[in-house]
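Take a look at this single chain in structure tokens; it is the form predicted alone.
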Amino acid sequence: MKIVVIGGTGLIGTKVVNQLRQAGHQVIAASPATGINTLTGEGLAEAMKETDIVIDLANSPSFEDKAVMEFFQTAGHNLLAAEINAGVKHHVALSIVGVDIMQNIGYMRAKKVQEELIEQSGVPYTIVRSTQFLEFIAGIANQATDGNEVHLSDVLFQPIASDDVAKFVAKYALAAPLNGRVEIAGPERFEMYKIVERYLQLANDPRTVVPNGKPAYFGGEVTHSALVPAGEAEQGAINFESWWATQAVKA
């Protein structure tokens, strides 16, 4: 099958592209760097010719509220219109667990709009909602740092390894469209400040984690359980300690 992976040169995209190519599929890793730009429409019509499946993993270059909304609206319209014209049979998109209940955060509002565009397009689809990636832990720590202290709450956190995310995305892309959503998560649930504290210890980082009791993510307040699945979710196989062992080897 011919599969176009939008955002195919990113963290998840490169892994998905490699898996699908190893399975014998014709895969295009689409990004502005490869001449395919969902924001401007450049290269989309040509890329969509005879395409069976589109996997959308693209992310906004800016997380500012207005910019991120414009990105997902414009890119979504352009991509879905090109798919409709080409007769694409399955659209797969990666979204976020809890996006519905975090609508006070601009990024989450934009991702919800992206989901709605897909649902209303008429293209058969599967939306894979994921928890945060284990690879995000360092960034979460940095964003919460004040001096030598990292201020984080006890909000529940069930991070998943990017390798597991890629496996799930590839699996659902090759399956029949759900015309609905599925949720994926890591195999372990933590309080956010505790897992960041463990990460910093393993990394020999001298910063001190201070539990501040204010559940927040992306700069907005969230409920205690907003970041974890409320019901059934498929769980990845890679736990934190196993993931960290691979990071240590890479380092």
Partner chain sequence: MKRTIKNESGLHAPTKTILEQERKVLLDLGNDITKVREKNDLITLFKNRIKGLFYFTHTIITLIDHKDETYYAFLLDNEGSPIRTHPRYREMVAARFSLNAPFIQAVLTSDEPVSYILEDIMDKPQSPPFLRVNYEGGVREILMTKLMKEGKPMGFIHMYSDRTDSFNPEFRGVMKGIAPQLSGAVSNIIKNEELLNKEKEKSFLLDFSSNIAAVRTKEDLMSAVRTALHKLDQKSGFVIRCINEDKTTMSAYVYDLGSAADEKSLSVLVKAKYPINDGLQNRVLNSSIPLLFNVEREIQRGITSAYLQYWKKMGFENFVGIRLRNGETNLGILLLDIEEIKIELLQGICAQISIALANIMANEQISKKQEEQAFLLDFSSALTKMRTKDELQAAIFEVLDKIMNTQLAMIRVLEDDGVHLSVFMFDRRLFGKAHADFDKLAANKIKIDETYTAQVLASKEGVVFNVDEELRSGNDYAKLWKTTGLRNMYGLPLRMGDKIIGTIWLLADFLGPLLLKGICSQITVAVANILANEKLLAYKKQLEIENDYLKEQIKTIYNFSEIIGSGESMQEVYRLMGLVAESSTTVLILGETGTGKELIARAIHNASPRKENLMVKVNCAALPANLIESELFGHERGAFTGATDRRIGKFEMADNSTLFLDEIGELPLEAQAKLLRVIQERELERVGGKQVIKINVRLVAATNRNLEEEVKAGRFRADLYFRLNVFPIILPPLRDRLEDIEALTHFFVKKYSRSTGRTIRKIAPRVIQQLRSYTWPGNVRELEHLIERSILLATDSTLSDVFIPRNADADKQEQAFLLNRSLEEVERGYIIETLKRCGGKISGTGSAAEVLQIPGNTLHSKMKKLGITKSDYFS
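Numbering follows the first chain given and starts at 1. All values derive from a computational prediction rather than experimental measurement.
As for the form predicted in complex with its partner chain, it is not shown, yet the points below apply to it.
> Which of these stretches, 215-223, 34-42, 196-204, 56-64, has heavy atoms within 4.5 Å of its partner chain in the predicted complex?
It is 34-42 that comes within 4.5 Å of the partner.
> Find out whether any non-hydrogen atom of residue 170 is located within 4.5 angstroms of its partner chain in the predicted complex, and reply yes or no.
Residue 170: no, not in contact with its partner chain in the predicted complex.
> Any chance residue 209 has a heavy atom within 4.5 Å of its partner chain in the predicted complex?
Residue-level check for residue 209: no, no contact with its partner chain.
> Using heavy atoms and a 4.5 Å limit, would one call residue 178 a contact residue for its partner chain in the predicted complex?
Residue 178 lies outside the contact set for its partner chain.
> So, in the predicted complex, is residue 174 in contact with its partner chain at a 4.5 angstroms heavy atom limit?
The answer is no: residue 174 has no heavy atom within 4.5 Å of its partner chain.
> Suppose contact means a heavy atom within 4.5 Å; in the predicted complex, does that hold for all of 99, 105 and 156 with its partner chain?
Answer is no for this spot.
> 68, 192, 28, 184: which sits within 4.5 Å of its partner chain in the predicted complex by any heavy atom?
Contact residue from the list: 28.
> For the stretch 79-101, which residues lie within 4.5 Å of its partner chain in the predicted complex by non-hydrogen atom distance?
Contacts from 79-101: 81, 82, 84, 85, 86, 87.
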